[in-house]
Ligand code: NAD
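Presented below, as structure tokens, is a lone chain in the form predicted alone.
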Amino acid sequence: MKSMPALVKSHAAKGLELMSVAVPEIGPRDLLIKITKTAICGTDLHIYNWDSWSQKNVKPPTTLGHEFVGVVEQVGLEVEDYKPGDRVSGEGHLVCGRCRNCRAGRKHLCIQYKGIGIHTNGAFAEYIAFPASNAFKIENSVKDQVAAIFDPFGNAVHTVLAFDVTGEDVLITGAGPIGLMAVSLCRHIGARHIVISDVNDYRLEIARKLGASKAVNINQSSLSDTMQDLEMKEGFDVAFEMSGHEGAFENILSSLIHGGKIASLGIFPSKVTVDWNLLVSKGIEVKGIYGRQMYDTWYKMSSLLSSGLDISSVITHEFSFDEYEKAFQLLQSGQAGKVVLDWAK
């Protein structure tokens, strides 16, 4: 049996282990993908730290990783649309195909989904066995580094395209990689003012380079002062909540124009207290965003990049996969955007 290196959550404790594991076998509808690059997600960081969410959702030993790009090495007997040599990324939500949402074309809301690298072995390995139905071919013009972050890029695209932002004033709370990609996307599709708030000056500086009108350290400046500086009269038209911080949601409610819209992607660590009377009296529309629309978001991502959208500045560091400890420690420090691991050895 052939073996390969993999980053595994081997024990119910903090950290990961670089192990030699068996190369997975594929079924008739699967692809065997040789991984080129992967990216580290906030979810991977949670699992690395073995927090309460991870303890409920991950059963060691599990190979992590769900953000990837690679090359098809082998195809299952029933696969028709892919061949060896195809460069692919893929949707990390494995859905049942039978529930009401799946049958109605809303697979991203499957009630029985599983996540690769969480509930099943993932892409932090030399190879992954992956359903052909979840794979997505990558255009030749897209570099491997960018293709490796299609998963979180899809979160940004799904969120931003939830509402019309062309000519609008936009507030983004949270300057993590998805928030940063949202800045670039909003600029690309014609938002007027784009304000992003966070407490991390390193990432706020990246946001400025990506086209933010104002990148606000909320511990040092207020959104009301920022709106005055931009000569905004009534408030933001659209807000994207990407921080998972209760105070950020409060700032959104107080800063939105009457009739404003919120697309909320950030996951909060506990229940959030909302001034519902303010939400009602201002006629605010709230939409929860989860994952990517399967697979409409993927086609939109590819088209946006083809039209000139550049998100490469969000990627700030790259390490060899065997330097994973350096990569995770850097992310822990907050002094990084998106971090990529190279598996092409």
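When you see a residue number, it is the position in the sequence shown, counting from 1. A quick note: this is a predicted structure, and the numbers were derived from the prediction, not measured.
The next section is about a form of this same protein that is not shown, the form predicted together with the ligand.
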* Contact assignment for the ligand in the predicted complex, among Ala148, Ala182, Ala123, Met242, heavy atom within 4.5 Å -> Met242
* Structure fact -> The one residue among Ser133, Ser213, Asn155, Ser255 placing a heavy atom within 4.5 Å of the ligand in the predicted complex is Asn155
* Asked: So, in the predicted complex, is Arg203 in contact with the ligand at a 4.5 angstroms heavy atom limit?
  -> yes
* To do: Check whether Gly176 has any heavy atom within 4.5 Å of a heavy atom of the ligand in the predicted complex, and answer yes or no.
  => yes
* Is Ala248 close enough to touch the ligand in the predicted complex, meaning at least one heavy atom pair within 4.5 Å? -> yes
* Asked: For Ser197, is any heavy atom within 4.5 Å of the ligand in the predicted complex, or not?
  -> yes
* Mind checking whether each of Pro60, Val72 and Gly117 has a heavy atom within 4.5 Å of the ligand in the predicted complex? -> no
* Which of 84 to 92, 133 to 141, 264 to 272, 97 to 105 lines the interface with the ligand in the predicted complex (heavy atom within 4.5 Å) -> 264 to 272
* Sequence-ordered residues of 268 to 294 touching the ligand in the predicted complex, heavy atom within 4.5 Å -> Ile289, Tyr290, Gly291
